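Only one chain comes next, encoded as structure tokens, the form predicted alone.
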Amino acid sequence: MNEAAVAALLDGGTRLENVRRLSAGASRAMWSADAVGPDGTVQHVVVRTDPRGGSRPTPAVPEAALLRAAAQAGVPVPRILAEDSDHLVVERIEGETIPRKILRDDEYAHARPLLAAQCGEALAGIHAIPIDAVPGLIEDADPVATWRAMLDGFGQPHPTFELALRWLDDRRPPRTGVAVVHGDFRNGNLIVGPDGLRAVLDWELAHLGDPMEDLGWLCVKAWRFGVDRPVGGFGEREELFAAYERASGTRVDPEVVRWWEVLGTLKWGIMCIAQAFTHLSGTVRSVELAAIGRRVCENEWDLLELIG
């Protein structure tokens, strides 16, 4: 990170202190820092940069525009403080993102019963973002065809995934609309405090698509982290759906969400194969990637339970 450039973006005479790299961010590096102004005031900030240290001429998603539009729609997101082609500086929101702590620590006991409804309200806000407020978002292609092609590319037999693809193809629900879809709305990408949901993070997979995709993804078993509650490990589907319906005015068909939950489980299973291939091919040697690869069988079991 170019500390001088970030300081200049914030204000003349600002200096950065306590700069540290955060262990998050798939396609961008993230840094935490204290921005000390000329008068001694301190802003706690997070800086997102390109991991290669340079700018990307065509960002995958218009992240700054998304955050501004989401805030306008009432979605809790970090406030943007400054930006240029290489950096996005946002306020640092205090809270927890580690699911194990959110789901088990006493500090979040009051928050847990609130989260499913709060997520429903946040998703309704995301799906209410005007599409023309975030130009540059790409409409998702046929997801079944996309993930079938991805699976075929590995050249491995996975009968359960093939069965799930056939199940999805045979039961395609009617499209409920086209909206801004977060794409990775789940436990682990949320900042939670003792009072509940404080911010929605990680907008790098945002696209245009069916809004029910986000609800189904949030219910995927992998994001329950060992706790037997279907919505992120902290709530029930009925709580999520009721809050979404109140906030959006759109009725939720549980069977449509179930279809997207099956697709999400399949998607994560194939992504686990991809993570393993990244390690096994030598592209990135990583124990973490290898361990994720071992979770393929978990998703196969989850799919068999889901589709009966």
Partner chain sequence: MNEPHDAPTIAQLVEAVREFLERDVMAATEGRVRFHTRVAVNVLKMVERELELGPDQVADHRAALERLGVGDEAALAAAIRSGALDDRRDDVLDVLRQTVRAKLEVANPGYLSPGMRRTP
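Note that the coordinates shown come from a computational prediction; the quantities given were computed from them, not determined experimentally. Positions refer to the first chain, counted from 1.
As for the form predicted together with the partner chain, it is not shown, yet the points below apply to it.
- When contacts are defined as a non-hydrogen atom within 4.5 Å, all of P159, E261 and L306 contact the partner chain in the model of the complex.
- Put simply, of H110, R175, R79, R166 only one has a heavy atom within 4.5 Å of the partner chain in the model of the complex, and it is R166.
- This chain is drawn without the partner chain; in the model of the complex, the residue among H87, R224, H207, R198 with a heavy atom within 4.5 Å of it is R224.
- Shown alone here, D228 lies within 4.5 Å of the partner chain in the model of the complex, counting heavy atoms only.
- Within this chain, D11 is remote from the site of the partner chain in the model of the complex, having no heavy atom within 4.5 Å.
- Taking the partner from the other structure, the partner chain in the model of the complex has a heavy atom within 4.5 Å of a heavy atom of D152.
- The shortest heavy atom separation between R20 and the partner chain in the model of the complex exceeds 4.5 Å.
- With the partner omitted here, the stretch from 175 to 183, 144 to 152, 67 to 75, 87 to 95 that lies within 4.5 Å of the partner chain by heavy atoms in the model of the complex is 144 to 152.
- Of all the residues from 280 to 308, those having a non-hydrogen atom no more than 4.5 Å from the partner chain in the model of the complex are V287, E288, A291, R294, C297, E298, E300, W301, D302, L304, E305, L306, I307, G308.
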